Ligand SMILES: Cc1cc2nc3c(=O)[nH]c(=O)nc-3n(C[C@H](O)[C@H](O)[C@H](O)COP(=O)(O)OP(=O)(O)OC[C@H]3O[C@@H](n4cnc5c(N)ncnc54)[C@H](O)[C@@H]3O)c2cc1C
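Next up: a single chain in structure tokens, the form predicted on its own.
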Amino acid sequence: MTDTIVTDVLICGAGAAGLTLSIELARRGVAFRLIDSLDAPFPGSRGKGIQPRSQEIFEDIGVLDKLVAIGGFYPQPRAYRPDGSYESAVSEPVVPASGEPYHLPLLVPQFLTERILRARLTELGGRLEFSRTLTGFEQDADGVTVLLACAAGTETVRAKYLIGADGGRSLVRHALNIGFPGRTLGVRAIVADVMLTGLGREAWHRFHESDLQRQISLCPLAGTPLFQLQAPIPLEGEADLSVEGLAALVAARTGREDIAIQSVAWASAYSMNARLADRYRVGRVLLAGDAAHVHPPTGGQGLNTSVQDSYNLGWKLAAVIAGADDGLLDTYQEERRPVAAAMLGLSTKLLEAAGRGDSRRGRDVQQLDISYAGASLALELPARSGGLAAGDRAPDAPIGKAAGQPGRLFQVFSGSHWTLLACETGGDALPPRPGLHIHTVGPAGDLVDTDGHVRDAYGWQPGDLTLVRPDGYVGAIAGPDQAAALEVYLRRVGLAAEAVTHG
């Protein structure tokens, strides 16, 4: 038995959710440990789609350019007919909007996404510990005592908070006895990363899309020489995931002898589920990612929802550890659980449509319209009757800087701080304090709305104050006479003004 190791946060599970949360804590100087029961990084491509809202998050934490460089965009779907001819889908042109810099999903295999997140974590001074398995924990009013099994034996960790980001079979969730209701969707499938010959990499090759008994798709994985194979299989029986077994499956379902499977890098057979945890928090233990919700793969919502869980939770954990009221952590479930429920409904609907051969995707998969309007951290004084609302995603916009350089609002928001934007006047309505950046937008301000994009996106009147959270959502919209109410709000989230002392 080793001595007890003390830290602020212990994160169990080093997938996309655990890595994102670790990065958020590292950016804020919070002490944490990130552990995973695996001996090495997850090797597969399972969550390969990065939606526009997640791209905005990855821009903020400093990894988006690397993800784009190593990955790419989705190839055009190519649907094959029984006679061997095919039809290629034609995408509708996307009209750029100043408030939404990203419109298309990225295709980056999960193992590459996680590799880049691990590298970013290392840059920030954090590290990941493999081969450590949670075997039990107990919590009290002051923290959580966790037992870990590792190669050296048993280790005890004392943490202020424990985060279960340990996947759909979460040990943390089971130990808390949190219900995980939902349903098995009656679809079992193979997903595999394979090397093959006989198909070009310019298209996402799909066969028998409207026939669940014969469906198969082969998608080139950007950043690798691999293809991802996806195919529904019978609910019962052994799945042959060998080179020979997958080659036979491809030949039977495509009717082609020229497609040759050369090797299998990773493969899995799984039953699709849609499940949502009854609770995201019990005392000092919280759930994130697949531990709180599992999705069918349709629409690419699982990894993205998990990343956004951690982006929401990270700043709240840091604030509470720094002295904010512990009740701030209750807003994590309040805001994120309804989002997961909606995304589960969307993924299930898209799965049903895919079974009919309909692979169309709408704006709802992009997750740009997620809002926390009406939740307890959304403050409007006075209430607004239309346009941008407190709780909505804060739009991007091109801006000018007083020194003459061009910029974007997202650059102003980027980092771990809150941002207060004052329309033309009112930048001095609140005193400065650590963790809050204050800007005046207008002809005499430090930011200039040269083409009216900020005014149009934010629906401003002179003197309006807009408070933007660290996770890019509007926390509060207040009139020029509501500085006192904003002060109360800021105290709630741990940003009380510091007393001025005179020497």
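Quantities reported herein were computed from a predicted structural model and do not represent experimental measurements. When you see a residue number, it is the position in the sequence shown, counting from 1.
Beyond what is shown, the protein has a form predicted together with the named molecule; the following relates to that form.
The candidate stretches are 165-173, 274-282, 216-224, 330-338, and the one lying within 4.5 Å of the named molecule in the predicted complex by heavy atoms is 165-173.
The closest heavy atom approach of Pro395 to the named molecule in the predicted complex falls outside 4.5 Å. Remark: Ile35 counts among the residues lining the named molecule in the predicted complex, judged by a heavy atom distance of 4.5 Å or less.
Contact annotation: Arg132 falls within 4.5 Å of the named molecule in the predicted complex, judged by heavy atom distances. Residue contact check for Leu313: none of its heavy atoms lie within 4.5 Å of the named molecule in the predicted complex. For the residues Gly126, Pro297, Gly99, Pro232, the 4.5 Å heavy atom test against the named molecule in the predicted complex is passed only by Pro297. Residues are counted as partner-facing when one of their heavy atoms sits within 4.5 Å of the named molecule in the predicted complex; in 9-24 these are Cys12, Gly13, Ala14, Gly15, Ala16, Ala17, Gly18, in sequence order.
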